[in-house]
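Only one chain is shown below, in structure tokens, and it's the form predicted alone.
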């Protein structure tokens, strides 16, 4: 079995690559849920939805979120009435998923159960697992006010000071039991090329999760989300810099140094020797994930190198 830790765009793209070159029944993904937010009274899980839509082949890859070909009649109408709602754009088909999730959660189902229900309705053979059924919320503190990560990224476009990153309720949240089982039983565990600060760190910060990952007998590999000194996408660079971390594959390796055996970096990456000094084996290859062919190529490469 293969398990991917994912959040945001990079992890989702690698997940797509694996689904198209390997048996989906052997592919599992543990998703960050600390980006979840309530909008219009609805429980929205951006990372879970992106993985669900990607696995179903309906994601809007150009936007990087939502359902391709979606309409935005709901958003158009609600923002005519209340213009301040315009910052968070939700498509009509996307809205249906949020309504279903919210109603099922209110009926007493857990987030894991709702996610399994949705994957079943989309006839998916892979397993998409929320990191926890408990609430964890990422806030960005600018020195005066703490703002939800979605506000920081979508509303403010990351154009605000970052004094601290807060994972609210992380000390009380329990890891998903299925996620723990996957870590124990998987032969290959991949930390996807996602934002290490706000996509992967919430998963690793769950009580006992990091220690279990260290003790796991599976091969553990991270794919760098940084090429040169810039991330594939998103605010990873700014977040790493604000926390005093070097924006490079070396900076990423420092974050994961106690839990991974390998890190996969760009073929021209200059940090190989420095990373090896951390006790991590380095594999260089083309890690661009822009097209489906890119994603398939990298997935095949990882399988050939590390999955035996």
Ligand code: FO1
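A quick note: this is a predicted structure, and the numbers were derived from the prediction, not measured. Residue numbers count along the first chain shown, from 1.
Beyond what is shown, the protein has a form predicted in complex with this ligand; the following relates to that form.
Asker: With the partner left out here, check for me: in the predicted bound form, does some heavy atom of residue 46 sit within 4.5 Å of this ligand?
Answerer: Answer yes; at least one heavy atom of residue 46 falls within 4.5 Å of this ligand in the predicted bound form.
Asker: Against this ligand in the predicted bound form, would residue 104 count as a contact residue? Criterion: heavy atoms within 4.5 Å.
Answerer: Residue 104: no contact with this ligand in the predicted bound form.
Asker: Could you tell me if residue 139 has a non-hydrogen atom within 4.5 Å of this ligand in the predicted bound form?
Answerer: Residue 139: no contact with this ligand in the predicted bound form.
Asker: In the predicted bound form, does residue 156 have a heavy atom within 4.5 Å of this ligand?
Answerer: Output for residue 156 is no: heavy atoms all beyond 4.5 Å of this ligand.
Asker: For the three residues 35, 98 and 149, which mark the spot I'm curious about, does each lie within 4.5 Å of this ligand in the predicted bound form through at least one heavy atom?
Answerer: Checked in the predicted bound form: all three residues contact this ligand.
Asker: Which listed residue (211, 169, 89, 71) meets the criterion of a heavy atom within 4.5 Å of this ligand in the predicted bound form?
Answerer: Of 211, 169, 89, 71, the residue with a heavy atom within 4.5 Å of this ligand in the predicted bound form is 89.
Asker: Report the stretch among 249-257, 46-54, 275-283, 262-270 that approaches this ligand in the predicted bound form to within 4.5 Å, counting heavy atoms only.
Answerer: Only one stretch qualifies here: 46-54.
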